[in-house]
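One chain comes next, on its own, written as structure tokens: the form predicted on its own.
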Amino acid sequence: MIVMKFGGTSVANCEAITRMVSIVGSKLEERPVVVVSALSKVTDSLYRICDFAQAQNEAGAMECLEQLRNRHLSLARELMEGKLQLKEEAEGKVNGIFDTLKSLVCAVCSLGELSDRVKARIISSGEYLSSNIICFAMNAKGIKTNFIDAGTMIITSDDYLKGEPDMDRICEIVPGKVAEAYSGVDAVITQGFVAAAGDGTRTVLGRGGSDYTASLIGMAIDAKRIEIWTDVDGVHTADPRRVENTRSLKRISFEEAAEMAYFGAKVLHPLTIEPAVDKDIPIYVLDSLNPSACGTAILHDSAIEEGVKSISCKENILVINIFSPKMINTFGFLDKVFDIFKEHKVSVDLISTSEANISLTVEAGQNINGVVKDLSDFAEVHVVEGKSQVSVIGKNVINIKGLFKNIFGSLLQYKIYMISQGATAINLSFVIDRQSLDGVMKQLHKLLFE
């Protein structure tokens, strides 16, 4: 068996879905489990509906909701053209989902309150809409396809908006669910991002979690490989939207891919790698616009050559500087600091320490008010905005002779605020002014890849 995940841009419209169905049709001998995201931009619209509803702007919420309903109904009719019964069934399913969604949104509008539990139900609707429509479309094209509700397979904690997967339960449940769904059909389809707590209450895996779903399913069924189908021809040497003349990488290691994803690369969700690593399942990042392209293979470290593979970045970060004389010759000070970050659920990327100072970075957009308040009880805290983080990633990158000199020698015109050498020997990261990011990325790409 293989797992095939298709992202939002790969299922954006009739043309994209028709292309996707053809790709799946070419892999039927390998018994694919198809995982799909919501249609492109739909999840963003659902978040916007949540905002309207919480603000009791019912008119705005309903207008946005009807736009989504019309988009999905038009897509279903276009895909099922000439298949009257399937078209009517698809329309019924779409309208049923939207009727439930409308009831939820109206309730939130009336109360002006939006719990995480209700929000998870609203924002996960996009995947149920896309997977149902695509299931009908595959059947319309002659591919007998069964539908699986991901909420019956991907079991998480009851953190509704960012559920923590229960790996043991997933491995216990998924093989049987997939085997049962595969009875008498050519393929099965399910939703990315969507999950459920142990009591069946809807949860989600967090933004971009469809990749993670594919990896979890792949782990559970011991898949031959996991295919992530997107709108680029693999993992690139840098973000092609930011840097010219990038190239697709033929293969990288699990560790390199994890670092790239964590430090800003947009092709994979950062959590995708771990489940695949546990079973040594190769992951392929492929281009749904050009299915014949090789894409990028993500493999065990032993199959990968040394050297720099990519430059990743996080455009908008905060630097938090913590000063306290109490650090000097004190045990447990760092534990105290990081307990505060853990309590407030704020993730830290880079860290640098001296005798009485800690400097660390977090992604902007996280709520750090509580962290700053608690730290200020025993330390001076300064938050610096308008910074970016750049990471040079590759196997044994920190052991390449002259690399540090070449990198920082080429960036003499830019101010560098913080440098962090990864403990894994895979990445070198540093902090710069946000307005310098494009210049630094282009300069480094020329130096390392052109």
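Nothing here was measured: the structure is a model prediction, and the numbers come from that model. When you see a residue number, it is the position in the sequence shown, counting from 1.
The discussion below concerns the form predicted together with ligand ASP, not included here.
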Check: So in the predicted complex, does any heavy atom of E127 sit within 4.5 Å of ligand ASP?
Finding: yes
Check: Do T190 and ligand ASP share at least one heavy atom pair within 4.5 Å in the predicted complex?
Finding: no
Margin query: Considering non-hydrogen atoms and a 4.5 Å limit, does ligand ASP approach T43 in the predicted complex?
Written below: yes
Next item on the list: Answer yes if any heavy atom of G208 is within 4.5 Å of a heavy atom of ligand ASP in the predicted complex; otherwise answer no.
Entry: yes
Next item on the list: Would you mind picking out the stretch of 397-405, 54-62, 32-40, 382-390 that comes within 4.5 angstroms of ligand ASP in the predicted complex, counting non-hydrogen atoms?
Entry: 32-40
